[in-house]
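Read the single chain below, which is given as structure tokens and is the form predicted alone.
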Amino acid sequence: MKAILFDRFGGTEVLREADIEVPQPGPGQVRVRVKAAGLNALDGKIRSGMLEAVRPTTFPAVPGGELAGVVDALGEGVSDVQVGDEVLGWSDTGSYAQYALATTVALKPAGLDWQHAVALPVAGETAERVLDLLGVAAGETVLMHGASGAVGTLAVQLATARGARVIATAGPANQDYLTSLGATATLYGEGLVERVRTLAPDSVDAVFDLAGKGALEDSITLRGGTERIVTIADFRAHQLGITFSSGGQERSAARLAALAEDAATGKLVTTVTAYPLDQAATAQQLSDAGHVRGKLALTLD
């Protein structure tokens, strides 16, 4: 099968297309003919070797942690899906490939296309996990740093659905985008504390940092301490006494199915920019640079 892989750490130049063996599902797994693969910032961090100490890589490695596609084969003990079912979920093997294995998948609603389906597994789990960690409730004000990406797009909508007010930061090009999602948008960078205090004179109740670009100090100032601040992007968190949350432990097929239904009916908006599989390096370059609006995905015929 065709796949994108890398056999050494480095920039996007280490990614290459290759023909590799089709994986065989083990107990509890399904094999999926991939129609779309989600691309996340984590993919570039793994490729660069940045996470090798905590997430060792076996070469050659196929990137990609989420997929949408058609169930092609069943492992022993699988009874909740059938061959031919259209699904979305998390890949056990890299998803930048024609076939991938998965343990946790949800049925894809007929009204949801492949690209928008693959925008949900990682971003949805991350957004819900952090909002739960922060204990976001109705009537509260949440500050989100760098909210225009895939996780932020969902987090803004999920927080407002809980009855919270969201103040979200992004660059100039994404101010209207965040407003359209239901947030009060403002610019990041110098003067942020003053801008947020003007927008929320009674302070913010919680902070969700998706940017990882030096916003934690301002967050501590705005919160008057380190409580109810969570980052998914700034590795200095522990030095500052702030919670760093990483994903993958709370994969729920039921919750993913609910998000997929909301996306199919238009209750939940997803924004996707897609590239064909053979342009994976180009897509990862965009991801590495940041400032992506919504989700990046790779599509396969």
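Residue numbers here begin at 1 and follow the sequence given. This structure is a prediction, so every number in the text was calculated from the model and none was measured.
Not pictured, yet referred to below: the form predicted in complex with a small molecule.
Taking non-hydrogen atoms only, Gly89 never approaches the small molecule to within 4.5 angstroms in the predicted complex. Proximity of Gly135 to the small molecule in the predicted complex: non-hydrogen atoms within 4.5 Å are absent; the residue sits far from the partner. At a distance threshold of 4.5 angstroms between non-hydrogen atoms, Ala206 is out of contact with the small molecule in the predicted complex. At a distance threshold of 4.5 angstroms between non-hydrogen atoms, Ala264 is out of contact with the small molecule in the predicted complex.
Of the residues given (Leu101, Ala170, Ile229, Val196), Ala170 alone sits with a heavy atom within 4.5 Å of the small molecule in the predicted complex. Residue-level contacts in the predicted complex: of Ala97, Ala150, Leu143, Ala159, one residue has a heavy atom within 4.5 Å of the small molecule, and it is Ala150. Using a 4.5 Å cut-off to the small molecule in the predicted complex, each of Lys213, Ala233 and Gly247 places a heavy atom inside that distance. With the small molecule left out of view, the stretch that reaches within 4.5 Å of it through heavy atoms in the predicted complex is, among 150-158, 105-113, 77-85, 219-227, 150-158.
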